[in-house]
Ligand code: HEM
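Presented as structure tokens, the chain that follows is alone, the form predicted alone.
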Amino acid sequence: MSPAPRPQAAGPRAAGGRGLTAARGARPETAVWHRALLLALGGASLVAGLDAALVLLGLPAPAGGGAASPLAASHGTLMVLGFVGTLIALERAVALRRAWGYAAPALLGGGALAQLAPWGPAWPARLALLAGAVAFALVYVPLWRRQRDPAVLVQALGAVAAAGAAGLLAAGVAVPAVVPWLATFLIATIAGERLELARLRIRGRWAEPLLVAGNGALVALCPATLLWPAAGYPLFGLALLVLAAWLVRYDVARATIRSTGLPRYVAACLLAGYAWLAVAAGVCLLVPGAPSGAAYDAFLHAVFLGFVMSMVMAHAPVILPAVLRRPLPYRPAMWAAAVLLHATLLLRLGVGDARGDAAAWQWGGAGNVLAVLAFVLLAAYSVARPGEPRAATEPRTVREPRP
């Protein structure tokens, strides 16, 4: 079965819905060096975050340090706000086409890395992250005015959650208590982006309002997980399960998985990510109160590795060309990194966390780091290698959006 065609998007709708389409319709720029610099901030946050992951796993790490070091303590914010947050905010800035929009990725990437400074207090870095998250939320005001679309609204809800998370962190709230806010930020952003292609499969009038309501419920339940965890987390898990079911039901990945090449690769990553989102929902529903210990590790990495990182791998062939104007050709080797990510995550959660096997937990975590690094190196090589034919860089019949 051939991949389904993408819906036509142009003008204001494109600018509000996807950074890639908006960038194509935007006024041409003579240079993208500033985007490359901001992308480098996100990349540095990723490298530091992966190094911190090795520290937390009790494995040898290039930067060293113990589990109580600033590097280890910054792992979550480096990965979520510093890496993925910078990447998303950068593409939103490209869509906005206003210079002030680039303040958000600059503050998020710079603030995340500033946490690692060995001198001075921690509050300037936290304030930078808060300022970056607030600037990111403000980007959606003109985007919403440009196109009042449910997809933009859902993404804006995610930006509100990001600002709430950064505010709590700046106030000194511990990272584990802020995880639902950080998860909502990325889940809502991804769900909003997937909505446009999901419209190919939507029949009836209730599907889009259900998606908006589900993401609104996640945002509303974030304070409940903090104040009343015994009730807040099960309700949060129920909302996650509804969203996972919605994405599986309506996403075009169910059709494109029967295709070949890039569309099939993207679909496989998407469907695997939705499965991990359901796993995270199950942890919230089955574990009383706030997850801790192995349950916390399972919830955290089912969302941020199984779901979010799978989305990054799926959409990288579109994200980087939209930001850098350099093609990222699809390569079959991308499958290896994706399979390694999910296989080692299954080892980490299914054996390490579920059965209390420390060796499986460490091996699985090390495999997670290796999978992400392998994909990043493959992407960098593919972007840098010249002379790729256009037919190898992008499918003609489907264009997947980014998370």
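Remember, predicted model here, so these are calculated numbers, not experimental data. Counting begins at 1, following the sequence as shown.
Here the subject shifts to the form predicted together with the named molecule, a form of this protein not shown in this document.
- With the partner omitted here, the stretch from 262-270, 90-98, 297-305, 143-151 that lies within 4.5 Å of the named molecule by heavy atoms in the predicted bound form is 297-305.
- For the chain shown alone, G365 is a contact residue for the named molecule in the predicted bound form, at least one non-hydrogen atom being within 4.5 angstroms.
- Interface residue remark: H75 is counted as part of the site for the named molecule in the predicted bound form, having a heavy atom within 4.5 Å.
- W361 belongs to the set of residues with a heavy atom inside 4.5 Å of the named molecule in the predicted bound form.
- By the criterion of a heavy atom within 4.5 Å, A280 is excluded from the residues contacting the named molecule in the predicted bound form.
- Note on contacts: among A337, L38, L347, A53, the single residue with a heavy atom within 4.5 Å of the named molecule in the predicted bound form is A53.
- Only one of the listed residues (P329, G289, P223, P176) places a non-hydrogen atom within 4.5 angstroms of the named molecule in the predicted bound form, and that residue is P176.
- The candidate site formed by G43, A106 and A191 is entirely out of contact with the named molecule in the predicted bound form, as no residue has a non-hydrogen atom within 4.5 angstroms of it.
- Using a 4.5 Å cut-off on any heavy atom, none of the residues of 118-156 reaches the named molecule in the predicted bound form.
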